[in-house]
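This document opens with one chain alone, in structure tokens, the form predicted on its own.
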Amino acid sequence: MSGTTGGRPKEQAYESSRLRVNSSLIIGGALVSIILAIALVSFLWTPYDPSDTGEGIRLGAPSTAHWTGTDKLGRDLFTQLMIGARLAFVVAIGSTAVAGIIGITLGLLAASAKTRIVDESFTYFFDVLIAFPTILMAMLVVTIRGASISSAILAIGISGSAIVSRLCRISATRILGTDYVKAAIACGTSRPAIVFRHVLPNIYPLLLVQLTLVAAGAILAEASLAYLGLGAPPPQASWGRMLLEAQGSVMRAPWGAIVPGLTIVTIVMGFNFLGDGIRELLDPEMRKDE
């Protein structure tokens, strides 16, 4: 009896932890899935043509014909929102891929460096890149390549890779310093084998969480760039450009700014919840019974 009673608090703590994990994953997954579904549907159907000004009703209020109203040109805002969701996910996925490839590669190279000078050089490079604002990076890339979706993806991805690199380096260095890895190296195991057998399997949960946050930051960054005119050029719809175009009529037609603004908040919150859920699910330290 005593053993059963004594174990109950641990079982309750475990179940409580699982509930928290499920809550984060469910909330984050639901928010992201809703916007993702809207983006996917936009490839097959939209209420109106993105360039259709309809009956010429400008700054029209939400109605059965236009669920979220119309903009200053008479275009349907929900249609623009759907096309903007497509662009947001393209930028998020592309930027995360760029950040992951560059960040993990440089982080592993830094952690595996055999000389301290090489390791410190990588560290200083990461610090400089972290301190370099995404907007300035975007301006530099746009100056070289011109304003486009690929330029935004490249600029945001390079900026996001710095934090991924630093996290990867710190985590990989810790794993490489463990006794079992030192024993494997002493037995003649090659560096690539060490990385793929021991390092990556132990650090991927942290990297996955960080890449989830990079995706959220990429959506925010793309909206900021579009607002400043550094994102994808017209007629490609963007949530940031929707905010820019609604700025002059926000008092008369606030829905033009509220709709894209709430959508950006929703998707960013969704990715943050998703990251928290993944971290709690995969991090063994957070699943320990108290």
Partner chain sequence: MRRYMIRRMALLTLSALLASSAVFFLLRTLPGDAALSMAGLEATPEQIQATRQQLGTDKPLWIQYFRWIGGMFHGDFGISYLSKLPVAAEIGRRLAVTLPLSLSAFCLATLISFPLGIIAAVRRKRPVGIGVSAVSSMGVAVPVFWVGIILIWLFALAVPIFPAGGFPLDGWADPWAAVRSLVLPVVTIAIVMSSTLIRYIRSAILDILGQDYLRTARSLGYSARAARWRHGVRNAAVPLVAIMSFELSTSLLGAVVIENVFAIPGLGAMLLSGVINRDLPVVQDIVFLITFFVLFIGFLADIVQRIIDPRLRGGSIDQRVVPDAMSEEEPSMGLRAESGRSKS
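Numbering follows the first chain given and starts at 1. Keep in mind it's a predicted model, so treat the numbers as computed, not measured.
What comes next is about the form predicted together with its partner chain, which does not appear here.
J.: Is residue 111 close to its partner chain in the predicted complex, meaning a heavy atom pair under 4.5 Å apart or at it?
T.: Flag for residue 111 set to no.
J.: Is the gap between residue 143 and its partner chain in the predicted complex 4.5 Å or less for some heavy atom pair?
T.: Yes, residue 143 sits close enough to its partner chain in the predicted complex that at least one of its heavy atoms falls within 4.5 Å.
J.: Can you work out whether residue 187 and its partner chain are in contact in the predicted complex, taking contact to mean some heavy atom pair no more than 4.5 Å apart?
T.: Outside the cut-off, so no.
J.: Taking any heavy atom pair closer than or equal to 4.5 Å as contact, tell me whether residue 93 reaches its partner chain in the predicted complex.
T.: No, residue 93 is distant from the partner.
J.: What is the one choice in 63, 247, 51, 33 with a heavy atom within 4.5 Å of its partner chain in the predicted complex?
T.: Contact residue from the list: 247.
J.: Can you work out which of 81, 153, 87, 216 has a heavy atom no more than 4.5 Å from its partner chain in the predicted complex?
T.: Answer to the contact question: 216.
J.: In terms of non-hydrogen atoms within 4.5 angstroms, which of the given stretches 223-231, 25-33, 39-47, 64-72 touches its partner chain in the predicted complex?
T.: Within 4.5 Å of the partner lies stretch 223-231.
J.: For the three residues 130, 257 and 261, verify that every one has a non-hydrogen atom within 4.5 Å of its partner chain in the predicted complex; reply yes or no.
T.: Result yes, every residue of the spot touches its partner chain.
J.: Hey, which residues along 156-183 are within 4.5 angstroms of its partner chain in the predicted complex, non-hydrogen atoms only?
T.: Heavy-atom contacts to its partner chain in the predicted complex: 159, 160, 163, 166.
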